[in-house]
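Let's start with one chain on its own, the form predicted on its own, as C-alpha cells.
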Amino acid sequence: MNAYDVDVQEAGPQALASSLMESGALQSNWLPAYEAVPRHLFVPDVIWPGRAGMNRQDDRVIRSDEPDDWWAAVYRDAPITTQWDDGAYTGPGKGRMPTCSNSMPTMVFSMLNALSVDTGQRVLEIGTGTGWNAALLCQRLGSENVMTVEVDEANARDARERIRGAGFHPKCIVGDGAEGYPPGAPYDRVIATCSIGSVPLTWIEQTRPGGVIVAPWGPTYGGEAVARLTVADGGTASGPFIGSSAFMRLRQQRKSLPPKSAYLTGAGGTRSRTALSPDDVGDWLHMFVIGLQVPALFCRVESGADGAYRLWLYDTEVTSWAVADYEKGRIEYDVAQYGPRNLWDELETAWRWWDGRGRPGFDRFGLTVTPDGETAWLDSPDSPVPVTER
C-alpha cells in the first residue's frame, strides 16, 4: 500500500476531527456541530483541492470520476477551491483567480472559536460560500439566529440548497456583504469568511456595543491576519489580530492595481546597494508588517535564471517605482529607485522597524477602527504602528 492509498483509507470525519482536536483548532464546544454538520455535504462535485498553508490549487477533481480523490480532499485539513473567475471558468485545468472556496477546517474552527458565541446570540455572516460555516452556526445557535450574505447568486443558491438539505433554515441574503444586513440588526457577532482591506463601518453600526467582529484583514502590499474586534459606543471597534490567514477578497474590495505599463521608465533614478535581501522581505508576515507602514505600496516579482529574480515595487498613485535584484550567494543587492518616493528605502525602514522590536508576530499587532479611519498598533492601542507619509 502506497502513501496515497493510506491517505484515502484514513480520510474521513473522525480522522479529521481527531487531528483538529489534537491541534486545538476544534474545541469541545464546537465538536457537536462538527459531527452534526459533515463537511462533505457542503462540497460540490467539482473541486480544486488546495494545500494546507498555501494559496495553491491542485488540478480539478470530479467526484463521479475520482471519488477517492474527492473524499480524501474533503477530509484533509486544507482549503478547497470551488469556483474560478466568478463562475466564468469551469475547467479543465485552473482559472485565473479563485473566487469561492470551502475554507481550511483549521481556519474555520479557529475563527468560530474567536467569535465566542453563546446561546441566543444573533450572528451575521459575510460570505456564505459553500454554506458550511453558516450551517455550523445554525447547529450551534439555531437557524433563527443566523443571517448570511452572499454576493454571487449562483453560490448563494447552491449554498442555500445545501444548508436546507442539512436541515437548517437561516436567513440567506443575496447582496453586497459590505452593506451587512440592516433588517436583521443589531447583531451580537459578525464573522467574515472573505478578507478585507478596510472594515466597513456598516458592520460596526449593525453590531451591539460589546459585540465582536471576526474578519481576515490585510493591507495592499500583502500579508493577512484575522482581526477580532470588540465594538464600542460611538461607532468604533478595536482588538488584536489572532493569527495568519489567507482568504479571497470581499468582492467590493478586490485590489485593482495599476499595470506596469502605467509607470514611466528610463533614466533619472537613483542606484544603490543594500544588505537587506529581497528574499527576507517576502514572507506573509513581512508583507503584512511592511503593508501596515507603507499603505500605498504593492509589488510584483519577475523571475530570472537559477533562482534569481527582480522585485518590483510600485506606489498605487502611479508616481514612483523601484527594483531590487536578488541572486543566490550575494551579500549585497542592487537597487534602483525612480520618482519622488524612494520606495525601497520606505520598505527597508519598515522592515528594520519590525526587526528592531524583536520581529513580532501577527498576534502582537492589533487594529482600531473609527469613523475617521483605521489605525494598526503593536501590543496596545497606545502604540500605533508608524505610517509613511506620502
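One-based numbering along the sequence shown. Everything numeric in this text was worked out from a predicted model, so none of it was measured.
Note that the form predicted together with a small molecule isn't included here; everything after this is about it.
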Within 4.5 Å of the small molecule in the predicted complex - does that hold for a heavy atom of every one of 320, 345 and 388? no
Would you mind picking out the stretch of 273 to 281, 241 to 249, 223 to 231, 295 to 303 that comes within 4.5 angstroms of the small molecule in the predicted complex, counting non-hydrogen atoms? 241 to 249
With the small molecule left out of view, which of 207, 101, 145, 106 would have a heavy atom within 4.5 Å of it in the predicted complex? 101
Which listed residue (151, 287, 311, 172) meets the criterion of a heavy atom within 4.5 Å of the small molecule in the predicted complex? 151
Is residue 77 one of the residues lying within 4.5 Å of the small molecule in the predicted complex, judged by heavy atom distances? no
Against the small molecule in the predicted complex, would residue 132 count as a contact residue? Criterion: heavy atoms within 4.5 Å. yes
Against the small molecule in the predicted complex, would residue 115 count as a contact residue? Criterion: heavy atoms within 4.5 Å. no
Does any heavy atom of residue 194 come within 4.5 Å of a heavy atom of the small molecule in the predicted complex? yes
